[in-house]
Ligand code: CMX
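Presented as structure tokens, the chain that follows is alone, the form predicted alone.
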């Protein structure tokens, strides 16, 4: 019986696909209300319909956090003694308020996170009960969701919702979550990949330093963590993880439900999972070249062969950016200082030398420059974090900082439930003037 249904469905799908193709190809620019048919079918790309003051993605400047570029943020925020990158705790202060904290103010958040960082035992029990071959993002999202019973916002709503003060319990939930996420992530890593041998928190360390400690990774990985969590924190409200978090929170769901949904979106191959895919591709190419660093001419030949075969160069191009992703450059600067002779970094650098010019010459890419994923895995691999599947969890810890700041402000401003309107294919064909 199931086969009958599947066969009938296949017939319907194959009959329907040409209709969508024709709408996009021949009538994509026709308006339905204030948007085009292409925008309605194509994932609302470029439709300006969300509001956030936490970050803005400028096509030519890159991401701006509260108005500052990534280099400006790194220069402005206070840093731990002797370190090159700022306190993540100070960054949280900055995203929420728009004010650059003093070192003393940042340290108050360091202390606050220490008070909240312990993970409930039942979360550990849940993680340990799940199959060990579960994807780390499945474990991570499940851990976040399981902690929903701790939600102060949920209790606040149950006891009588007040729109004017709703941001306060959302802020409390967000702070609790950010404090705990590094501990959850490190526990998952050690449980899956390091013989289930765990390293307890060190109360003398800030979030970045403590994460590196719990992971069992030596300095300067603490600075890697600070940099990585900051540059991955937010990317406007329209990307999948940020939008999913905002969408779920708009129903007055608490931060635990909302962030879990955002993490589920981040796990998609077209979103957060891309960083591991790029590194895999780079290493496969290096293997084909017998581990030898190709000359510029050899690399150009390889890139052209790849493009002419119909494949793409992973890690290049971006939906909005029209320049090298500043998150790529932040990682490149770190690598130039700390691992200039790393063979994978050298390979990535050689790609950077030749790919943009080739993509411009080819003329198909709107943005020929590398994005954050072109570099993300290189540094992690260098410092011994070689488990590809875990990379998106690292992304998730950082992304939580931005999206949780956003939903705190969503509640502060009383944003309503998100509810766009859908149309049928018949309606689109009618608007295009091709309805029979």
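None of the values given here were measured: they were computed from a predicted structure. Positions refer to the first chain, counted from 1. By rigid core we mean the largest C-alpha set that fits within 1.5 Å across both forms.
There is another form of this protein, the form predicted together with this ligand, and it is not shown here; the text below is about that form.
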TODO: Please check if residue 197 has a heavy atom lying within 4.5 Å of any heavy atom of this ligand in the model of the complex.
DONE: no
TODO: Determine whether any heavy atom of residue 362 comes within 4.5 Å of a heavy atom of this ligand in the model of the complex, and answer yes or no.
DONE: yes
Open item on the list: Quick check on residue 318: any heavy atom within 4.5 Å of this ligand in the model of the complex?
Closed with: yes
Task: residue 272, heavy atom within 4.5 angstroms of this ligand in the model of the complex - done: yes
Task: Candidate stretches 160-168, 272-280, 198-206, 211-219 - the one whose heavy atoms come within 4.5 Å of this ligand in the model of the complex - done: 272-280
TODO: Would you mind picking the one in 149, 287, 132, 366 that has a heavy atom within 4.5 Å of this ligand in the model of the complex?
DONE: 366
TODO: State the residue from 326, 101, 238, 314 whose non-hydrogen atoms include one within 4.5 Å of this ligand in the model of the complex.
DONE: 314
Open item on the list: Need the contact residues for 39-60: heavy atom within 4.5 Å of this ligand in the model of the complex, sequence order, or none if there are none.
Closed with: 45
- [ ] Determine, after fitting the two forms on their core, whether residue 193 shows a C-alpha shift of 2 Å or more between this form and the one not shown.
- [x] no
Task: Did residue 314 shift 2 Å or more between this form and the one not shown, C-alpha, core superposed - done: yes
Open item on the list: Superposing on the rigid core, is the Cα displacement of residue 303 between this form and the one not shown 2 Å or more?
Closed with: yes
